[in-house]
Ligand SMILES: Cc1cc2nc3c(=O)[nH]c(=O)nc-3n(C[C@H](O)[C@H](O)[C@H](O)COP(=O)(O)OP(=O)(O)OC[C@H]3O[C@@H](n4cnc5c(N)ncnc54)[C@H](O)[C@@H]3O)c2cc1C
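Taking the form predicted alone, here's one chain by itself in structure tokens.
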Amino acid sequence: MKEQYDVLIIGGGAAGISAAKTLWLSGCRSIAIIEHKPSLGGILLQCAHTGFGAGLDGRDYAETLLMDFPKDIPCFCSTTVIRLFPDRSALLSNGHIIRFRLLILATGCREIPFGSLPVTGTRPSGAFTAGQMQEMINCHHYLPEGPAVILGSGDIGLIMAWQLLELGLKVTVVEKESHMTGLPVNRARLTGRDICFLPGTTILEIKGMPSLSGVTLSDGRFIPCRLLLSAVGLLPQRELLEGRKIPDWILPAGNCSHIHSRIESVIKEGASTAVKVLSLLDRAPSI
């Protein structure tokens, strides 16, 4: 493993891929990507629904992004960055330390779990975030048991409602707003489907131990379920910054910068961040 690069990219999803391709096409050859999963593609690899590009699902779309990916860019997959240091170096999970001049942080976003919500009760098996269940089903072929309750009707909530219906599960979506909040394309997938939508309420208590038995809503209703998914929002994943101000040698990109509703804007921001990096390289300290 080479120990130093002009540009280190943390995150091999759409933003990281786009940034790396842009840098390479612009003549920058000292680049590396660190990706914690076994292959590049990021969250696209767990998306079985269509709507990416010309009717592609997420996995097919990832393949199109990688078709012209430069083979000479080092990609260290199944590798995690443990810590970033002020001297512009990164400690990796394999024990190596990589130095760099500039860093593109393309670590994506994380879901808000039940533990962060004002929900009382037990913490039984059967409660997940929507993204966790999406990965379990589409990447690890896990078949959940229903009935299912999904808290939140944003895009990931509606996508998982559709997928659970496709698996034959009974699905209830609980939403504090008076309407479904996801994009029209994701609302349209549920048109005419046998789904129970409960607007204007939320979950107050989780029941069951060791296995989930149901939830109590803020309007007093009890909904029995074997599977509970939280889909209440996303936050940029910036734990590596340890809460400190972003230094000028770190440039966030994609959902790590701010939450995007469409993959096309993630790719666009990855490319624009790479262009900004190129303009900064001449002034960046040498390694």
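Every value quoted in this text rests on a predicted model; they were computed, and no experiment measured them. Don't overthink the numbering: it's just position in the shown sequence, from 1.
In what follows, reference is made to the form predicted in complex with the ligand, a form of this protein that is not presented.
- With the partner omitted here, the residue from Val81, Leu212, Leu102, Ile203 that has a non-hydrogen atom within 4.5 angstroms of the ligand in the predicted bound form is Val81.
- The listed set Cys28, Leu240, Ile223, Ile250 contains one residue whose heavy atoms approach the ligand in the predicted bound form to within 4.5 Å, identified as Leu240.
- Residues with any non-hydrogen atom within 4.5 angstroms of the ligand in the predicted bound form fall in just one of 214 to 222, 29 to 37, 66 to 74, 241 to 249: 29 to 37.
- Proximity of Val266 to the ligand in the predicted bound form falls within the 4.5 Å heavy atom cutoff.
- Interface residue remark: Leu227 is not counted as part of the site for the ligand in the predicted bound form, having no heavy atom within 4.5 Å.
- Within 4.5 Å of some heavy atom of the ligand in the predicted bound form lies at least one heavy atom of Thr107.
- With a 4.5 Å cutoff on heavy atoms, Thr172 does not count as touching the ligand in the predicted bound form; it lies far away.
- Annotation for 21 to 56: interface residues with the ligand in the predicted bound form are Ile34, Glu35, His36, Lys37, Gly41, Gly42, Ile43, Leu44, Cys47, His49, Thr50, Gly51, Phe52 [heavy atom within 4.5 Å].
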